[in-house]
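Just one chain is shown here, as structure tokens, and it is the form predicted on its own.
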Amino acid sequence: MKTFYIETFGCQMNTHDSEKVIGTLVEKGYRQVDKVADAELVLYNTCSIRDKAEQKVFHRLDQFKREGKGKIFGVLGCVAQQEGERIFERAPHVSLVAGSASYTKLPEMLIQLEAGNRRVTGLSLHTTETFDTPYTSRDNPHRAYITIIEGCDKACAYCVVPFTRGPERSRTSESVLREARSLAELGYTEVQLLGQNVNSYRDPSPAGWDFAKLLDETGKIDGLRRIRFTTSHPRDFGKSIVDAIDENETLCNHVHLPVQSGSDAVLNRMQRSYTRSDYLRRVEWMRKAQRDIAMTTDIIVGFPGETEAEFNETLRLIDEVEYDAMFIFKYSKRPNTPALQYEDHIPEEEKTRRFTLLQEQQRSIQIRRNARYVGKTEQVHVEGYNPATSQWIGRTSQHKTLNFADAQLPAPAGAETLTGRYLDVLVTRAGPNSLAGQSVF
């Protein structure tokens, strides 16, 4: 049996892409191994969202090469799409370069590799077959990803995604529901809908559903207990999404809505297509919802030209919104993006200072917000057991990690019994990044 090794870097969509690749390889007679040394085919699924991503890829490819000769090497994902056939020039030992839109063609590419072709590519973004990979090997038996939209039409000044993932293209509502029903029949209870801009979904079939309608209908499928989605774009985030969350408790009451900056001037330079007030209107919809919706976000510090006053507007926005969690990034230059042409690039030490200030401010907010849960009972989806702390690991509907003890099953021996179950847990302690408690009988 032929063997393969795959290493994945990046977001949930890359993780799910690798599940599709693994499923296809296994169906074609390959066996996955845990070490490069044991593999005949070595694949690296890449992400190019941060600066110097391509340098990191070539460094890793050099490490792979030193770990053994006679192997076939392939680069997948966003760096593959970004760099294209230049990868063959910089890393002659690479034989396959394929972007995410080409994975449906992987069986044909494998035939070429097995026939001895050492320059096989899959780089076309103009395909309607992106979602139709027939084989998926999911590594979690309880929670599964479903990609509902690929690509991006937003053209943010800092972002390389439109060049690596192509234009937005949605799959039909019928195919999404078919996959979700199939997962429920297989015993999956939690599904996460994925897209670079997941809420920009527009059903291409005659049904013509928008994202809120798809959410609601997915949440009605028997057997599914939680539906999550990521990532949303503020421009296409309508009140109907909040209404759907309010009306269907299967939909998790958590929204990740990247704001990137609290300054209108910076948002304009970023080409984000909304204003601070537009964004806060969406926050108001969620704060007025019947359910307590947790909000998380992304922030970029040090975007070209960002003044101290503009950065302070972001600090004030964070105080006003009070996010449950935040992912902070320093601006980094990416190829083919408009921001490369901007002047007034911020020194790295200044980016670090702003990053630290944001981090400290957000930490205090999270301590305060998480303290509200002490004394409350939350339902968690059990994800596993941590022997280092002798605690079970669960996640709430609001996407908060809740570590808890269980008097009846205190040891790892019960992992198979509790993992995947939904339990009520009394919250007894709260920290900045997680909650802790005791299961309720």
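The first residue of the sequence shown is number 1, and the count goes up from there. Please read all numbers here as calculations on a predicted model, not as lab measurements.
The form predicted in complex with a small molecule exists for this protein as well; it is not shown, and the discussion that follows is about that form.
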property: Single option in Asn197, Thr136, Gln260, Thr147 placed near the small molecule in the predicted bound form, where near means a heavy atom within 4.5 Å; result: Gln260
property: Partner-contacting position among Phe237, Tyr188, Tyr274, Tyr158 - heavy atom within 4.5 Å of the small molecule in the predicted bound form; result: Tyr158
property: Residue stretch of 285 to 293, 103 to 111, 307 to 315, 322 to 330 approaching the small molecule in the predicted bound form, non-hydrogen atom distance within 4.5 Å; result: 322 to 330
property: Contact of Arg334 with the small molecule in the predicted bound form (heavy atom, 4.5 Å); result: yes
property: Ile393: touches the small molecule in the predicted bound form, heavy atom cutoff 4.5 angstroms; result: no
property: Contact of Val36 with the small molecule in the predicted bound form (heavy atom, 4.5 Å); result: no
property: The small molecule contact in the predicted bound form: Ala180, any heavy atom under 4.5 Å; result: no
